[in-house]
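A lone chain, given as structure tokens: the form predicted alone.
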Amino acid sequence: MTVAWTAQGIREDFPILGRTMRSGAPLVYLDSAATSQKPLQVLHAERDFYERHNAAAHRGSHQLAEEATEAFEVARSTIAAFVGAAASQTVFTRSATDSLNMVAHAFAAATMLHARGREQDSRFVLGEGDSIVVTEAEHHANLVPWQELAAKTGAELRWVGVDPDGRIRTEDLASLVDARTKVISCAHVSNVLGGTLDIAAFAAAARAVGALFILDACQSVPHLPVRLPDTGADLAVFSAHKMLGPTGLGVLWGRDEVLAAMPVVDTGGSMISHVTMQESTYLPAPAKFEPGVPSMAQAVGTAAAADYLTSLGMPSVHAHVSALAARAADALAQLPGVRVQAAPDAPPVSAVSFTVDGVHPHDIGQVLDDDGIAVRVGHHCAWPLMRALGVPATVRASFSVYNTESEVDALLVSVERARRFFT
């Protein structure tokens, strides 16, 4: 895939990349898997909304309210189109973590209402003997909500294991998924191992037993051409701040029939169809999941981020970012005592995690920070995966559209300097 643009050519769109760090070194930002930097186009879009159109969307009939509503809903359509979806299937939340919790809470609500004799879609009702299936590689955001749901409903939490070499044992699905499985949830791309999961196998396993398949697309949507309706998922989540957008906005995508059947969790204004003192009825999705004044400026900023990535071309984005990740992974693996923590059959999309024999990742990270290189060190909100890999933590370098080959080279020099210093 030929990249029609260069990272060097767009770096001026990201003012923060011109910073000099406290050590005097120029910033090399390699932590985009945690949060990406924001181009001027996103910053300007948010500022323009506040300066010219700020009012409460879906409230009031004055001109500013109408402009805010239009900007908000146009942003929804833009973001939906970015992932091949319809606006009616695109729900705004506070974060991807919030989206996953909303879904888990919806299962809990349906289970409780069912127990009280209220008719609910059976796909959302859990009980003793039912099961929830995840993988051992999940971010805590796609693990802890399901642990809590299992504890509340009596369902059993099961997981697809990970080998010490980082291979996710997809073949475990055959023994874990049965007629009583109600939920299968996994990450499209691991935030630690960096590779793409065989989600087709997970989708097929869910379809075979009528379970709902839920996809964590936080690490794929920013870097891959993703059409969520084509993934086989029934519900999917991703974050604005990882795709060059602002913080404070997450997205929950769902198939029409699934969102229609999913019970509400949070309630309040804007999502109401009719209210009496005895009961309320709710608007169709997405409104029924969005109580309160929405995150309007954040939605507008995220739409600008989607437009920015679209202008680069997602196939080219993938080619550029994965080439940097592969360059880093291959070169790190050649350094003495350095082990790249990755599945052998899944090349990295953006993130590359590694350890250095005899040196704690936090020490490596400190040396890199002294050289102006920002990476993530720790367990990356994936403690069970760390235990499966047999390591306490890793160093993670993650790349985005604004990174360059020279920054990969700077990483390698700094890692080697740290290795020599500590060993």
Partner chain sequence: MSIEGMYQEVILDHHRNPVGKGLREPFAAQAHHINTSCGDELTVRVALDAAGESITDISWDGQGCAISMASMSILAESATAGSVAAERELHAKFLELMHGRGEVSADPALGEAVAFGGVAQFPARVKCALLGWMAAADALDQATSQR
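Every value quoted in this text rests on a predicted model; they were computed, and no experiment measured them. Residue numbers count along the first chain shown, from 1.
In what follows, reference is made to the form predicted together with its partner chain, a form of this protein that is not presented.
Chemist: For the interface check, one of 357-365, 24-32, 39-47, 65-73 should have non-hydrogen atoms within 4.5 Å of its partner chain in the predicted bound form; which one?
Modeler: Residues of 357-365 come within 4.5 Å of the partner.
Chemist: Would its partner chain be touched by all three of Pro392, Arg417 and Phe422 in the predicted bound form, meaning a heavy atom each within 4.5 Å?
Modeler: Contact check passed for all of Pro392, Arg417 and Phe422.
Chemist: Are any of the heavy atoms in His379 no more than 4.5 Å from a heavy atom of its partner chain in the predicted bound form?
Modeler: So His379 counts as contacting its partner chain.
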